[in-house]
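Only one chain is included here, represented as structure tokens and corresponding to the form predicted alone.
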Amino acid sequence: RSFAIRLPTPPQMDNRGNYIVSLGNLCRWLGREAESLGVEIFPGFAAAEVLYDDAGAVVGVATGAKGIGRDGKPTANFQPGVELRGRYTFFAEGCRGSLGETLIERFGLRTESDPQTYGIGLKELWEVEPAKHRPGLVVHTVGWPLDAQTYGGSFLYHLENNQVAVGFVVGLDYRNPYLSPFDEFQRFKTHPAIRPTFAGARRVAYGARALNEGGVQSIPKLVFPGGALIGCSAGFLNVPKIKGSHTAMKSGMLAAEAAWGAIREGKRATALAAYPVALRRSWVWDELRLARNVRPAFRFGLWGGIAYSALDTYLLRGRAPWTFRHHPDHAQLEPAQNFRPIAYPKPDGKVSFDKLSSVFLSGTNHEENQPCHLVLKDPAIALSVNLARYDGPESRYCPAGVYEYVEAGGSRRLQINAPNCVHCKTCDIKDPTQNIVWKTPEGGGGPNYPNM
């Protein structure tokens, strides 16, 4: 709370020789490069449905219709979705992709793997005073303000033009229903070792996104008739590195090579068996296998996790003859009666802020007149289970103020403010009964992350 201890840099976090860049800007540049090679890109059109042939093989996707009112009926601006068909379809929706999850269930892709586990990453971009800017500096922390039983940590990256990206990650297997990842992030910035960086600075942007933490144990079967999972749809994040773009790219390259080989042989809508074989032979699999026990070791708590990670990294070098297993994140939440509410400090408007002003900085925008894309399988569970047993945890684990319990006619009800949604997928992951389903909203809606 009041001091910081510098630890030796784990080799996985050694960033010497790397570049600090905006992933959003990198993706925009890659998009231009792809279009110059003849690739067609359709921004603003969300893939909302998987297309199957009569044999059950994937043959493409359909984009969502536009101009559907909140009553489910077409408005004057209605535009039907478009079918995009191909011999093979790769699903690269990122962590907890909505279509990817339906494919995993339909084809039983997770029958031989552990459940995927997740963290929520919150991030802000700041413009700091020139005297406090150190281009290329990378800082990581663990510990406060999280308790010793909750996995998480922070990062600070000093980019160009006096910009600093600061973020906080909380493992979604936390137990305390009163924990708020957003408020933990805001409190973190008030630490005396962190706050001076942002004194007199200007907050430019805010965002949040779930990330895969399961590692190699949680990678599902990757192929099915007509398609494949690539990138974070499958879960290739290297947790100790806190990086996954390099592994995601390589998975896409290997899948493309397998598809090209199948097309040259005249195949269509088959399972690309060459892709998972190539992946297991690549450096991606080696890298993830060596890192497999670090994240689950933190079930022993902060200090136990650090001790085991040091043992695994420096002595065993990732080659332990055992593999720790994973558990579903949503099943780890304990009843509210086991905990006391956390008294988070009020935001000071200088380095800590509230959710609504943060959502504004995310550039989030949705068409107001559309069906709610956050669906409750059984609306009654919100009150009978979530509120009664866990004291409404969705109002805290959501980093955008989407869920709130309000008084109505002498009783409480769950209000869903869907236009606030920053598409982080946390609710779809952490809801204790898996009653919340994140569906694709109208294309073009969501956050807009410049330089993030």
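In case it trips you up, residue 1 is the first one in the sequence shown, and so on. Computed from a predicted model, the values in this text were never measured in an experiment.
Form predicted together with a small molecule: not shown, discussed below.
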Completion exercise
In contact with the small molecule in the predicted complex (heavy atoms, 4.5 Å), from 41-49, 382-390, 28-36, 406-414, is stretch 41-49
Fill in the blank from the handout: Note: exactly one of Arg209, His330, Arg187, Lys250 sits with a heavy atom within 4.5 Å of the small molecule in the predicted complex, namely Arg209
Problem - in the predicted complex, the one of Leu156, Leu222, Ile242, Leu179 near the small molecule [non-hydrogen atom within 4.5 angstroms] - result: Ile242
Exercise for the section: Mark Leu23 yes when one of its heavy atoms lies within 4.5 Å of a heavy atom of the small molecule in the predicted complex, and no otherwise. Expected result: yes
Exercise for the section: Using the partner position in the predicted complex, report whether Gly121 sits within 4.5 Å of the small molecule, counting heavy atoms only. Expected result: yes
Exercise for the section: Indicate whether Glu367 is a 4.5 Å heavy atom neighbour of the small molecule in the predicted complex. Expected result: no
Exercise for the section: Indicate whether Thr440 is a 4.5 Å heavy atom neighbour of the small molecule in the predicted complex. Expected result: yes
